[in-house]
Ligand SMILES: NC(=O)c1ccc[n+]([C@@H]2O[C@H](COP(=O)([O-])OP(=O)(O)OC[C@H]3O[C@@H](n4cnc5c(N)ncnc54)[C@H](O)[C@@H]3O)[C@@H](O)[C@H]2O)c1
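First, one chain by itself: the form predicted on its own, in structure tokens.
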């Protein structure tokens, strides 16, 4: 899985480990990834997902080290807040490079391996509530997450005949390291008020959805964009 060093990714890695998964963790934060891998008995791989060539190479090395792949979790993502009129081309490209293109590359490598093995598989992509409804100062992020939803649907359509399921998760506001430098107590209170449950999500609640989607209980679930938004989004 990608982006497992922190936040939601770390929670998903821990949850999958508890279910007995053998994990390969891909992250650019090498030292933190190494520590996380040591805690979980996982294999750490240092890679900048903005580099498509390196991403493909490292993904294949991870699969080879594991002896195959049954599940791919594409969690890595970046968020750069900026008003619509201030977004630069570099900001836009950087967001899509990590949030979407890297997901395409890892999916291609993993899916080819899954097809060759002939045992099917599961792909879980991290989208966002923002990919469905958007949010001010996040046009590039929202557009990238909408692209993730579209990519997931087509992945499900094309890989379904090979027994490979693909779904994505659309979290609402989750209090992680991402965006922490711009987050204020007033913002958290405002976000919490948007949910009928009156709070933001925890990383473990998003991780629970990931575990469900890769489990046999979700064996007839594919092409879905699953909300984990506390009712902030209801479609």
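The structure displayed is predicted, hence computed values, not measured ones. Residue numbers count along the first chain shown, from 1.
The same protein has a further form, the form predicted in complex with the ligand, not shown here; the description that follows concerns it.
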{"property": "Joint contact, 24, 121 and 154 to the ligand in the model of the complex, by non-hydrogen atom at 4.5 Å", "result": "no"}
{"property": "In the model of the complex, residue 59 touching the ligand (heavy atom, 4.5 Å)", "result": "no"}
{"property": "Contact label in the model of the complex: residue 5 to the ligand, heavy atom within 4.5 Å", "result": "yes"}
{"property": "Heavy atom of residue 128 within 4.5 Å of the ligand in the model of the complex", "result": "yes"}
{"property": "Contact label in the model of the complex: residue 76 to the ligand, heavy atom within 4.5 Å", "result": "yes"}
{"property": "Interface stretch in the model of the complex with the ligand - options 109-117, 85-93, 140-148, 155-163, non-hydrogen atom within 4.5 Å", "result": "140-148"}
{"property": "Residue among 207, 69, 37, 174 with a heavy atom within 4.5 Å of the ligand in the model of the complex", "result": "174"}
{"property": "Members of 34-70 lying within 4.5 angstroms of the ligand, judged by heavy atom, in the model of the complex", "result": "47, 48, 49, 50"}
